[in-house]
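Quick heads-up: it's one chain on its own, the form predicted on its own, in structure tokens.
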Amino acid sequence: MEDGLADFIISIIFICIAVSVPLIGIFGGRISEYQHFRSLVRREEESNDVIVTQLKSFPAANHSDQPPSIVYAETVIASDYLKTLLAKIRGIFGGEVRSFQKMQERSRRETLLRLIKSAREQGYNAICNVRLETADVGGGAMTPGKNAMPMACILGSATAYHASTSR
């Protein structure tokens, strides 16, 4: 009788661990992603005073002693194991992998904020000719037979310049 009870308790413990580990991964990843999105929103609001355009020219340029300068930024955001597993399952049945879309969005927004920060550090208040490019740093993670992790890598460049403060 005691052996049966011990086996039952061990089985319950194993089931609890098997259920709790993925739940911790799900909630931990979601919380981290949510906090990053909140940080992005806060930092975007703080950088509203910087003019950002994709135009090749310098809108509202204020010719000063400091000439325009190129700024660069790069962001890599990796997927977690659970998102990767769910994406591979989704790949079998087809459809959009929304978790990877969120990863790309986070990476793009973070790169743009880093471009703005770099321009501000150099004393500029505007950036134009913003270019965002993707790069594969995960080694083709969705290719069958590979164990690489999917990553969203965005490379950004822009021209920083001084703009007149009246909009």
Partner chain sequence: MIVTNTETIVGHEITEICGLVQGNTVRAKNIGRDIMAGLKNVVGGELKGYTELLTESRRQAVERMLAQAEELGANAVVNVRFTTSAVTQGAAELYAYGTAVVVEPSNVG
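Numbering follows the first chain given and starts at 1. No experiment lies behind these values; they were computed from the predicted model shown.
Omitted here: the form predicted in complex with the partner chain. The next part is about that form.
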Exercise. Would you mind picking the one in 99, 47, 69, 39 that has a heavy atom within 4.5 Å of the partner chain in the model of the complex?
Key: 69
Self-check item: Heavy atom of residue 114 within 4.5 Å of the partner chain in the model of the complex
Solution: yes
Quiz item: Does the 4.5 Å heavy atom contact test between residue 52 and the partner chain in the model of the complex come out positive?
Solution: no
Practice problem: Using the partner position in the model of the complex, report whether residue 128 sits within 4.5 Å of the partner chain, counting heavy atoms only. | Solution: yes
Self-check item: Contact label in the model of the complex: residue 15 to the partner chain, heavy atom within 4.5 Å
Solution: no
Quiz item: Taking heavy atoms and a 4.5 Å limit, what residues of 65-80 are near the partner chain in the model of the complex?
Solution: 67, 68, 69, 70, 72, 73, 74, 75, 76, 77, 78, 79, 80
